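A single chain comes next, written as structure tokens; it is the form predicted alone.
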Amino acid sequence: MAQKAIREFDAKSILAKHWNKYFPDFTYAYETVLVQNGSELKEAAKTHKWLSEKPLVAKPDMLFGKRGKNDLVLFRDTKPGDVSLEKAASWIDAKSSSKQKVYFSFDGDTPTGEASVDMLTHFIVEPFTPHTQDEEYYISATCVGDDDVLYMSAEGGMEVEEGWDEKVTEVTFKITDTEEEIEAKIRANIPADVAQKDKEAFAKFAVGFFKAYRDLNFAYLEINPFVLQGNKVELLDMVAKLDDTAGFMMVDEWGDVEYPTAFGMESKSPEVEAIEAADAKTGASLKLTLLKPEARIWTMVAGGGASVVYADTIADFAGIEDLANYGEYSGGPTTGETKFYAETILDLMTREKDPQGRDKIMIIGGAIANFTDVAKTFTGIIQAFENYADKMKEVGVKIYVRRGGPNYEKGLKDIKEAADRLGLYIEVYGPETHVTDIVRMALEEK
């Protein structure tokens, strides 16, 4: 399972879209907007009238927690008077105008460890929900090994992590558990200190929550806290990760979801984002991490396990500083998907020559495929070669191939003939050659 964090705004939007299916006994207003500055918030008020009519809450939506303890939540209880549209817009502009310090761990209210420093660029704004602390509850679900685990607590808010073992009830589910078994387990484990008046509502909400977590392919889903007021539910804070390997079949269910870079982390390159977008739309696997784009050794490896082996072998022979990228294509990608993946790598690889004047190395490796048609994926790589041959020759590229699996003989023959025709240096090997021998061949002194 590949877990990717999403914004609180997107998590709430996904649940709201499917609310009636999973929570038919409850109402949820779903009044929320995502903005980058005060002007955007004021513009949003033209179509979302509640922004001008209700007291508001504003906070960053950038994949980090402890926002309250970092004094990054604007709401009525912490500032004199209700938060108006004008006040929220001014606060957002002030917080986004300069870099902010964010601490991720606290001892009580005292920050511990080093702070991350970055710009705040996205904010979620919602109506303020008047409620008492007794109406706040906690719920989350995630995958642990082969099981799913549901966590429930009668205490929500920032302090739920303190005394977790005493406050939180854990319920484990097998993948084979039926809906009836799941509901029975949840009802049997409702925390004892949930208010008596809320016990039935809590149980119904927890059953719907867990079903939504599974059906909508969340890898992690947390609401802390949610407020129960009769049949009305408010989702005050959410944290969510999606299983992005399911993205290709969840397009309608998730909508236009974004996988942002977390606060304090280096932004992804457009090429990496493009590969991630392609990966989300296919049942195959397309992964790319840029390590050092100016380095001379580039890989296009079939298989996640093989990608680790090749990276380790390259590091042993040449040092990690010479490795430009890390990634893999696997799971039976189409010719078109492989072509796009190969062209992305070749475009990055051929932007500049090696600073030391050496040939650049392209490693096209992999173990012996079980079901991926090697000839079909190599057709995509050949098409990419045809588009980038001139650039490859200009910067100086040597290609080393080792592959096995269905139709590998045809794939190896085709890629060798194409490279020869295009005037590209290539060495081609099949499964008779050890899986990483091409690394030694490419990098040893000749």
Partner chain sequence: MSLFNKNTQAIFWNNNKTAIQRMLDYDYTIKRETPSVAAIVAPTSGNKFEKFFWGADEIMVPLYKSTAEAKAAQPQADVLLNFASFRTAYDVTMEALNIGGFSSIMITAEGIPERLARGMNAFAREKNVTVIGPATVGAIVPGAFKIANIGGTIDNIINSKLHRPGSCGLVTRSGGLFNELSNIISINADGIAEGVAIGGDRFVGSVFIDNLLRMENNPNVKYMILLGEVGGTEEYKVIEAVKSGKIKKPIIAWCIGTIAKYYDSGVQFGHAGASANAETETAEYKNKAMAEAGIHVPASFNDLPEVINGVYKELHAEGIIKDIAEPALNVVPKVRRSKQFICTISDDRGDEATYAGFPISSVATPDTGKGIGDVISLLWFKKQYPQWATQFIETVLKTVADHGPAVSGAHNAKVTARAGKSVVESLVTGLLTIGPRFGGAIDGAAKYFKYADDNNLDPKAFLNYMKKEGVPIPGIGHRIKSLKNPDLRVEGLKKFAKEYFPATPLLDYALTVEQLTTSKKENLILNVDGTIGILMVDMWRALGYSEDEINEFIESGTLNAFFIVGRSIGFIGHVLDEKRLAMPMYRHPMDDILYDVQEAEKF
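Under this definition, the rigid core comprises the largest set of C-alpha atoms superposing within 1.5 Å between the forms. Residue numbers count along the first chain shown, from 1. Since we're looking at a predicted model, the values are computed, not measured.
Keep in mind that the form predicted in complex with the partner chain is missing from the display, and what follows is about it.
Just one of L291, A274, M158, V73 has a heavy atom within 4.5 Å of the partner chain in the model of the complex. Which one? Residue within 4.5 Å of the partner: L291.
Using heavy atoms only and a 4.5 Å cut-off, determine which of A184, A195, M119, V309 is in contact with the partner chain in the model of the complex. Among A184, A195, M119, V309, a heavy atom within 4.5 Å of the partner chain in the model of the complex occurs only for V309.
Please tell me whether the candidate spot formed by Q3, A369 and R402 is one where all three residues come within 4.5 Å of the partner chain in the model of the complex (heavy atoms). Checked in the model of the complex: all three residues contact the partner chain.
Would V428 show up as a contact with the partner chain in the model of the complex if we use heavy atoms at 4.5 Å? V428: no contact with the partner chain in the model of the complex.
Does any heavy atom of T176 come within 4.5 Å of a heavy atom of the partner chain in the model of the complex? Because a heavy atom of T176 falls inside 4.5 Å of the partner chain in the model of the complex, the answer is yes.
Heavy atoms within 4.5 Å of the partner chain in the model of the complex: does N189 have any? No, N189 stays farther than 4.5 Å from the partner chain in the model of the complex.
Please determine whether P406 contacts the partner chain in the model of the complex, using a 4.5 Å cut-off between heavy atoms. Yes, P406 sits close enough to the partner chain in the model of the complex that at least one of its heavy atoms falls within 4.5 Å.
Given the stretches 141 to 149, 122 to 130, 198 to 206, 351 to 359, which is the single one in contact with the partner chain in the model of the complex, using a heavy atom cutoff of 4.5 Å? Partner-contacting stretch among the options: 141 to 149.
Sequence-ordered list of residues in 309 to 346 near the partner chain in the model of the complex, where near means a heavy atom within 4.5 Å: Contacting residues: V309, A311, D312, A315, D316, F317, I320, L323, Y326.
Kindly check if the Cα atom of N407 is displaced 2 angstroms or more between the shown form and the other one relative to the superposed rigid core. Yes, the C-alpha position differs by at least 2 Å between the shown form and the other one.
G305: after superposing the rigid core, is there a C-alpha shift of 2 Å or more between the shown form and the other one? Where the cores coincide, G305 still shows a C-alpha shift between the shown form and the other one that is 2 Å or more.
Following rigid core alignment, is the displacement of the D373 C-alpha between the shown form and the other one equal to or greater than 2 angstroms? Yes.
Would you mind telling me if K101 and L290 are closer or farther apart in the model of the complex than in the shown form, C-alpha to C-alpha, with a 3 Å or larger change? The answer is closer, because the C-alphas of K101 and L290 approach each other in the model of the complex by 3 Å or more.
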